[in-house]
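Single chain ahead, written as structure tokens, the form predicted on its own.
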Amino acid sequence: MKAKLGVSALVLLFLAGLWLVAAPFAVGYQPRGAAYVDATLNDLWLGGSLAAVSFVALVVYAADALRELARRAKHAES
């Protein structure tokens, strides 16, 4: 149960980061062809960082889960 909750939280954080990166262009507060306004820069840095950190955490969790499955399969053979 705790693992599912943690993975769900990481997925939500990843999606929130992607939304922050896309929001200036999707919502329209970044004028097309203009220099990036401060709000856009903030969203890009914060959203990119949030998405990157949560993605790395998901990869680490998946690697740990695979390692645990391999360990269980090895013990089941012996």
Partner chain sequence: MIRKFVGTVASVLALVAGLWLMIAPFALGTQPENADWTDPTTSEFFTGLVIAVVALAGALAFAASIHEELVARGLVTVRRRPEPEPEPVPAAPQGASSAELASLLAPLVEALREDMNKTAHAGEHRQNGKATLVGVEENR
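Numbering follows the first chain given and starts at 1. Everything quoted here is computed from the prediction, not taken from an experiment.
Just so you know, the form predicted in complex with the partner chain exists too; it's not on screen, but the next bit is about it.
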Taking the shortest heavy atom distance, is Val27 within 4.5 Å of the partner chain in the model of the complex? yes
Does the 4.5 Å heavy atom contact test between Ala73 and the partner chain in the model of the complex come out positive? no
Taking heavy atoms and a 4.5 Å limit, what residues of 42 to 56 are near the partner chain in the model of the complex? Asn42, Asp43, Leu46, Leu50, Val53
